[in-house]
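Let's start with one chain on its own, the form predicted on its own, as structure tokens.
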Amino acid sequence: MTAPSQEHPTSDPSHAELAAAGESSALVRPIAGLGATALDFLRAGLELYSVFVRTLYYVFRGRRERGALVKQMYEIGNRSVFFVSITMGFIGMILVYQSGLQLRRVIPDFTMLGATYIELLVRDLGPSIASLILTTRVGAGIAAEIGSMVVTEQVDALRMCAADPIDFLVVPRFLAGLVMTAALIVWASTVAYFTGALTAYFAYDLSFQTFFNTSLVDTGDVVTGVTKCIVYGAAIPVVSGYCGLSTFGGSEGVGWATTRAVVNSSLAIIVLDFFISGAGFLIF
């Protein structure tokens, strides 16, 4: 007669314990993912801040090479004139045409259409839309150029020569961006204003004398618009330069750096637009 078998305790986890551990892991995994994303975002913000501070430092204490600055002014300004003019021209026509359609539904009086349009153009639409357009060409170009120098180890060669890449690569583009972005925004806003006047004349039979009304533009509008021109002109080269310097992984990394430059610069413009517009509203 055989003895009945006895069950011995074992160290293997039961199904209930495995299920509980799986549920706990499923809850912790998204939180860990959010934490990692927040840490990456914070680290990127600190690195971007470091690039901005070092850029300002080398603006006053760095080397002076007039040829590099002129070349970047040509690349950023002259090569963008046609693209910005065509785009803002069509945007000006669309804005005035759509504004006229909405105005016709409320009060069929177009006498203040031009005055309202120039106020919005000076204060917000001109700087913001033109800067977003510039980001697609200038920001992508800066990131691609610096990123290519990173993957071909030209930036490492600069560091081996005790030269800071911020001073040699970012500062000329930063100074050129300040000057040429402001000039391009003024030019693009002028183009959008005149194409809007033509649209109002042909679509709504509004005379040029009535459309060219600047009575609503005051000092606050001009100061807010000029501030946006300067801030956007500084933000695009710094953000794009940072994306270019953080490139890794060969030619594929250059593509990612270009995409990140356009996305991050556009996001920076939108966020800065919110704060500058709010400050302008409170001050003026």
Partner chain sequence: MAAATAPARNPNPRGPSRGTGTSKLDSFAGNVGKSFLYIAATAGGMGVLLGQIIARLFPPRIDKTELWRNLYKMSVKSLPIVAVTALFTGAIMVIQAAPIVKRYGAEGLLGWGAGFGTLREIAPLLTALMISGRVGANNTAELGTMVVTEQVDALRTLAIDPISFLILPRFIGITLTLFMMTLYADILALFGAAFTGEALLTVSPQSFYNGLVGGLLGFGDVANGLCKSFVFGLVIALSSCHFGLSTTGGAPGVGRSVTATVVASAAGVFIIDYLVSFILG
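Positions refer to the first chain, counted from 1. Note that this is a predicted model, so its numbers are computed, not measured.
The discussion below concerns the form predicted together with its partner chain, not included here.
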*Report the residue, out of 190, 207, 213, 154, that has at least one non-hydrogen atom within 4.5 angstroms of its partner chain in the predicted complex.*
154
*Would you kindly say which of 113, 197, 91, 176 lies with a heavy atom within 4.5 Å of its partner chain in the predicted complex?*
91
*Honest question, do 79, 87 and 252 all end up within 4.5 Å of its partner chain in the predicted complex by heavy atom distance?*
yes
*Contact test in the predicted complex: residue 259 vs its partner chain, heavy atoms, 4.5 Å*: yes
*Using 4.5 Å between non-hydrogen atoms, is residue 201 touching its partner chain in the predicted complex?*
no
*So, in the predicted complex, is residue 183 in contact with its partner chain at a 4.5 angstroms heavy atom limit?*
no
*Taking heavy atoms only, is residue 106 within 4.5 angstroms of its partner chain in the predicted complex?*
yes
_Those residues of 263-282 which, in the predicted complex, come within 4.5 Å of its partner chain by heavy atom_ = 263, 266, 267, 270, 271, 273, 274, 277, 278, 281, 282
